[in-house]
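Here you'll find one protein chain in two forms, each presented separately as structure tokens under the names structure 1 and structure 2.
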Structure 1
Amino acid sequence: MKSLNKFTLSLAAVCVTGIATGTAAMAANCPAGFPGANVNFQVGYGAGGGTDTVARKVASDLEVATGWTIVVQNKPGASGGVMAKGLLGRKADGLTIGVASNTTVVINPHVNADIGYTHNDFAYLGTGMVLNYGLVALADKPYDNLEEFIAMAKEKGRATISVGAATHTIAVDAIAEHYGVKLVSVPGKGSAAALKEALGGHVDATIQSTVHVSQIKAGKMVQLATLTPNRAPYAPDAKTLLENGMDLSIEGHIIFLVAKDTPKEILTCLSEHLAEVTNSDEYTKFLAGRSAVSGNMGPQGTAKWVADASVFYGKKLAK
């Protein structure tokens, strides 16, 4: 996955230079007459969540950049599964764009028998935000890094980790297996609920993807380990799991996808416009407000990342 990340960076660099030199609005190559109707964004999650916020921001920036009319609809259910399954039945005209998470395409097909799609059924336009997965704990707990945490768990016989979704237990189980210690995942409804248990001191640590950043900045929490492949800018001292000697890194993305048979030139048009938005100063500033980056991997990068991640989770979840 490391090489993949370098690829992401270089791709982003190319896009940035592209925008810096050319005129922004003319950057994308679109077929004549496209879209010719409203473009629909179908968000796989409910209104008000992280994916929804990002989708609406991209939609509004895209409207400004292109002059298209974009209708944002929420199709929540089964971690984006309801939306993705609905996308399969749509005409592949590029007018319906799904906004999903990595769970939608790389985890759902492995865990749910009723899902009826795989990551191969979609064409990918790019990604909109990197989720900063980290293992974090209250600052006044007696451990500040993964080693100390594991030592505590060994001494006590077990440690509890609150997670926002049942699928996050993959990371907890992998850490437990690696160190030969009993770690208990305490599943809750969403990251905010998991954070509450950790802040109240009811569990020993929690796995978080975005909201913990402000807690760390305030000095209320510490990052024990970073789950993403590279160290997090907001917690430069926390080692990644890879650095801790584990063969595990978990990355989350907000993914933009369309039906698989969408014509090539429309895919080019949409993904170039998306890259234009995600690389803009305006969008970068918006994400900086949430201590996040877009990390847009572009169409090929996303497709490759999704394929790799799907193999990875397929193995982990088959156990």
Structure 2
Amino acid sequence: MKSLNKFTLSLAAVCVTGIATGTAAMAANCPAGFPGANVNFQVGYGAGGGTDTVARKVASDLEVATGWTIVVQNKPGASGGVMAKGLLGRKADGLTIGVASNTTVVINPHVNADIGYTHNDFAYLGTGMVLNYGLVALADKPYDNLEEFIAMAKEKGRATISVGAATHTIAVDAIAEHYGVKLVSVPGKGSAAALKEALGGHVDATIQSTVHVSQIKAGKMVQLATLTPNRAPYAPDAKTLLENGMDLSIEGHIIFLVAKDTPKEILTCLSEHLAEVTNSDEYTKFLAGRSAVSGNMGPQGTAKWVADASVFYGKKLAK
């Protein structure tokens, strides 16, 4: 499991560098006359989800900051794959910006040979929110933490966990291996579907990133463990996997990307404006209200994180 730990440490370094770079940007440098037309945000998921909510907030704040007109369009399908593949056919003029999750660019190419792209086919502007993955269960279950959950699974001989992405399945397999217990991943069509399975009592637990937070705040669910390096702000009592003795942490990001051949001066313009918005007090308060943080890694930090994550998941998914 040492490779998992090395990957975690590299993520922390990238995040620190990216945040510092983004905060330093005070005013974006844009080509004269840019954009000269509407800017389109193409969201790789349906309306109302976490990625869509963040995309619309960033678009709104960018309009206020720049005077641009930004149109948000939802292009769901294949965990953002439909949007990403469509982005390849767009003119590299910076007028079409994809909004995706890490699953879109670092998981899809490894699990779908027909997806039609790799992470190298895009240029990255930065990130908009850290996805705090957690292992979650109904509050009325007879376990409130990972230790009790594992004890239940060993007593029953197995436990079921609904998942909405390959990232989640990797975490389930790693937890099962570490504790020597049978954990069965129950695939769903996205996190919302996986959450529905858990809320309906059809599985013992689920792995989620954002859509379960309201359920925790309402007292309907409890976070058994946090998969990211640090405890989640909405579940401060839930230990991380690292704190539970595992050499594993997995996190995700909402990522902003454009066509790879977009001119450098346009990339600078867009990434600097994105940094201004995502590091603003207004945006920080917006995410805090959703028990989330920005953590914009900037263009170089995002590109490095994506490249490292692609290698990591490529190895894990090849097993």
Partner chain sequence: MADFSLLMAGFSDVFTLYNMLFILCGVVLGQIVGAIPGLSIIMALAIAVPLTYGLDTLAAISFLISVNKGGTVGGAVPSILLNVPGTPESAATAMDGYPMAKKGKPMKAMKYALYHSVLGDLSSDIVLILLAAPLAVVALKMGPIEITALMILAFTVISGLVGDSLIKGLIAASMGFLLATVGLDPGMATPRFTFGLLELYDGVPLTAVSIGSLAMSGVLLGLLNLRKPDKEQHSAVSIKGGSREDNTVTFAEFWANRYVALRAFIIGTIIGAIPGLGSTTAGFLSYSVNKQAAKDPEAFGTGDPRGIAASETANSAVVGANLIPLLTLGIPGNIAAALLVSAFIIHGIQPGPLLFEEQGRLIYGMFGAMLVANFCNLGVGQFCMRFWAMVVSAPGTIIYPAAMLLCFAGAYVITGATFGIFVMVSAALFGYVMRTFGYSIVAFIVAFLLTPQLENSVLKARLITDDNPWELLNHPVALVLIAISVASMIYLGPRKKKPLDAEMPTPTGQ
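Residue positions are counted from 1 along structure 1's sequence. Take the two forms, find the largest set of C-alpha atoms that superpose within 1.5 Å, and that set is the rigid core. The structure presented is a predicted model; accordingly, all values stated were derived computationally and were not measured.
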TODO: Mark the structure, either 1 or 2, that is the form predicted in complex with the partner chain.
DONE: 1
- [ ] State in degrees the rotation separating the positions of the smaller rigid part between structures 1 and 2, with the larger part superposed on its C-alpha atoms.
- [x] 17
- [ ] Quick one: how many Å does the C-alpha of residue 136 shift between structures 1 and 2 once the rigid core is superposed?
- [x] 4.0
Task: Core-aligned CA shift between structures 1 and 2 for residue 147 (Å) - done: 5.0
